[in-house]
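Okay, so here's just one chain, in structure tokens, the form predicted alone.
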């Protein structure tokens, strides 16, 4: 096999074009206007990724009655005291600044109250209504404005380009660049960069029901793991309580019916059309996502389900005009799928939504690999064991901006083009082309098996037995994938090839989720062990840390540093 790839250079290479990547590009170009900045994205800039799909909104302590400290306490308590407190403090402090930047500098129009102040709606798990939004289409508003500015500034783009591997320098001292694939041709390119930002997004798309866009397959986390970087809190996979069930054979199934519906007063119903949440939590439908998802899954296991195996959300007891006005996007989406959100019942299911775990990083977004920065859902530590609704897009935009600033300040003293390890790049090309060297097979069957085993045995409810089954099954699926090739040798837009690569990343990260879940023998936030249902030892909390060496996953634990607040304490005077 001929190993060929082009080589090019850019000062800053940003992997991903969601909120984190675009904000980083804008901030870096402002502070370092002479730097050559390139954004690489699997699809088209502004048209793909998960930030664009955000419906609910952006948490920020903007109201006079709210406070940074209150937002921080909600975030830490929601995260069950596993958060990196410096990262959480950075999030809540910078969120109001980012809202003002979005409005005053980038031109976002968020909803307002009659007196002109920002309208902030209720989201579950918070003690104050602090979610800034644009109806229920907040993500589109943010991404459109960010993309416009990126286009205006002439920042370079590599669209339809897939990141394949992080390539270290020949001497191993840092990151030299990234091996990319031009999906339009199937050809490879080694992009050398002084600094790289990993902002590809996470996306738990290995589960039967999931919300992220189709281009999300955990590639960033998989590349980081293979490059020797540790991942923390990988057992913490968040399930959003209300994913739409639109029937079999459609990608609409699993997409979110947004949390603001429950915050506004929507009711969850079982298959018997009766409310059930009050039997699980005093907050009923406004409990945190992990609690609501477990309650729903428990009802489903009892057989209290609708015709498609899910439960229902209903708004018909509320003012119809207000529902249509406040949730225009949701009303239309449900209508397109044959449901009446205003006057009927919409069938829903808990859906894999967000990965709280990811690459370990510092408050300035640096990782332990010199030259590599990370921001957004590729990173771990901000949310601990459970992310509050509305803290996700805040995380991406806050740390994306910080990453852009940090990279611009880092470049003058530390930014150099390191000599790449060309042997490692060639090995990565060969590994990526591996499925063309074996007989063609049937990948959809592997994908469906992965969906089922992760949903049933490593999903909302877990125990040692189910996780052991998941471990064995995913190992078998990895072996099956390695025996499954691609019959069509055409490399240009070969979707079967990309499906194969997606599965490779999803299987690796599934293994990490399972191994971390086996090590955590108590229940915290999104991680619930039926054989260890209690949350223990908050005062001596430890987070999991996954590494990869010689193709073997190792899980260790590290103590959580309570450097701002300890369990049982509060920053609030009242």
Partner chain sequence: MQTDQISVSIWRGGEDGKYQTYRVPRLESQTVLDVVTYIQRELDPSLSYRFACRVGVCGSCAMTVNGKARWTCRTHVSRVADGGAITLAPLRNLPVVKDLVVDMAVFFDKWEKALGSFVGDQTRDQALAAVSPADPRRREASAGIECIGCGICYATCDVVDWNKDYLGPAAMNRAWTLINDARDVARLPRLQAIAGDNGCLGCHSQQGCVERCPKSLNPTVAIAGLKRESMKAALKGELS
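Numbering follows the first chain given and starts at 1. Every value quoted in this text rests on a predicted model; they were computed, and no experiment measured them.
The protein also exists as the form predicted in complex with the partner chain; that form is not presented, and the subsequent description refers to it.
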{"property": "Full three-residue contact with the partner chain in the model of the complex, heavy atom 4.5 Å, for 27, 113 and 332", "result": "yes"}
{"property": "Contacting member of 145, 121, 189, 286, with respect to the partner chain in the model of the complex [4.5 Å, heavy atom]", "result": "145"}
{"property": "Heavy atom within 4.5 Å of the partner chain in the model of the complex - residue from 305, 461, 108, 222", "result": "108"}
{"property": "The partner chain contact at residue 490 in the model of the complex, heavy atom, 4.5 Å", "result": "yes"}
{"property": "Contact label in the model of the complex: residue 44 to the partner chain, heavy atom within 4.5 Å", "result": "yes"}
{"property": "Non-hydrogen atom contact residue 61 with the partner chain in the model of the complex at 4.5 angstroms", "result": "no"}
{"property": "4.5 Å heavy atom contact, residue 210 to the partner chain in the model of the complex", "result": "yes"}
{"property": "Residue stretch of 441 to 449, 261 to 269, 475 to 483, 288 to 296 approaching the partner chain in the model of the complex, non-hydrogen atom distance within 4.5 Å", "result": "441 to 449"}
{"property": "The partner chain in the model of the complex - contacting residues of 239 to 266, heavy atom within 4.5 Å", "result": "246, 249, 250, 251, 252, 253, 255"}
{"property": "Relative Cα spacing, residue 485 and residue 248, in the model of the complex - shift of 3 Å or more", "result": "closer"}
{"property": "Sense of the change in Cα distance from residue 136 to residue 246 in the model of the complex - at least 3 Å versus the shown form", "result": "farther"}
